[in-house]
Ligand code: 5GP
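Taking the form predicted alone, here's one chain by itself in structure tokens.
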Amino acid sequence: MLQRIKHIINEGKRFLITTHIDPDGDAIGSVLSLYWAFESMNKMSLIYLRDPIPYRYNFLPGPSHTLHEFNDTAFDGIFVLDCGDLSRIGDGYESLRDRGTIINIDHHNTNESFGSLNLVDETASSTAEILYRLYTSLNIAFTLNISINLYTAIFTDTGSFRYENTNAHAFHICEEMIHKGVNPSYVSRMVHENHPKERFILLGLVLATLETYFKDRIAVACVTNDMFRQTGTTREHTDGFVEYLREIKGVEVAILVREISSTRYKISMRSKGMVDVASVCNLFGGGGHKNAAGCYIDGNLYEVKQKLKGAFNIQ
């Protein structure tokens, strides 16, 4: 599969790069690193993101312009990164199949293999780890622009090397990126210590909704649109909130319930290793990893909580 993808890259001249909505660090870092990899090969590439790059990743080097809607352009290859389902890139995804060969590169075990070519490795720490192998096989030089994006992608998707998906390859790649000029303290500071004060006001409101079930082994907190209005924040300011719940002693599963509308909620789940939250999210049409997954649930807030309790067999 790697050889087939290399052939498309070597023979092609024009590429599109995209990822899922509400992109996280692995999604953004992977997309931007691939952009710079193509630049180093004198290949033209465009990035499509339905949503803006989250503020905590604005420090990462990237192009001056990204697409936020599709046009009729054809491509030699369309790279969909860190995305288990093609529909998760946003509206208009159906039209991509007529515009070029879709190359699906991902590490989620719930990936639907939607591409013409599918490079999926669920044992990888991140999509960036898989891209590192691709760049190495293409003999691409690891410039600082590529390196800091790869490092940040792995750093964030392993929870700063705290999650179960942290492996020896993750450390090896990040060590190499440091040798290429990446400053770990700078990346950590920009990712974790660069938030606006409004985020912490919002966090206080969210933590006030904390509930625990199943003898304090499952923690649930909620964020509503009214909270966003009160604090002048948006959904990107909630990135990482679920991790605070995960840090509670005795909690095995942390769940953040975010209001999309009065009848639809976005669910983010994290576990400490014992519970497979991806299998729970699959019950609602979502997916992810054993220790980090998400889904959407319809209903009012009370109904959503009841559905979550039912999924975990909580009486």
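One-based numbering along the sequence shown. No experiment lies behind these values; they were computed from the predicted model shown.
Below, we turn to the form predicted in complex with the named molecule, even though it does not appear here.
Just checking whether Ile9 would be counted as a contact of the named molecule in the model of the complex - the rule being heavy atoms within 4.5 angstroms. No - in the model of the complex, heavy atoms of Ile9 and the named molecule never come within 4.5 Å of each other.
Against the named molecule in the model of the complex, would His237 count as a contact residue? Criterion: heavy atoms within 4.5 Å. So His237 does not count as contacting the named molecule.
Using the partner position in the model of the complex, report whether Gly62 sits within 4.5 Å of the named molecule, counting heavy atoms only. Output for Gly62 is no: heavy atoms all beyond 4.5 Å of the named molecule.
Verify the contact flag for His289: yes if a non-hydrogen atom of it lies within 4.5 Å of a non-hydrogen atom of the named molecule in the model of the complex, no if not. His289: contacts the named molecule in the model of the complex.
Would you say all of Arg56, Gly159 and His192 touch the named molecule in the model of the complex, counting a heavy atom within 4.5 Å as a touch? No, none of Arg56, Gly159 and His192 comes within 4.5 Å of the named molecule in the model of the complex.
Among the candidate residues Asp85, Glu176, Asp121, Asp76, which is the single one with a non-hydrogen atom no more than 4.5 Å from the named molecule in the model of the complex? It is Asp85 that has a heavy atom within 4.5 Å of the partner.
Of these, 264-272, 44-52, 65-73, 29-37, which stretch puts a heavy atom within 4.5 angstroms of the named molecule in the model of the complex? This holds for exactly one stretch, 264-272.
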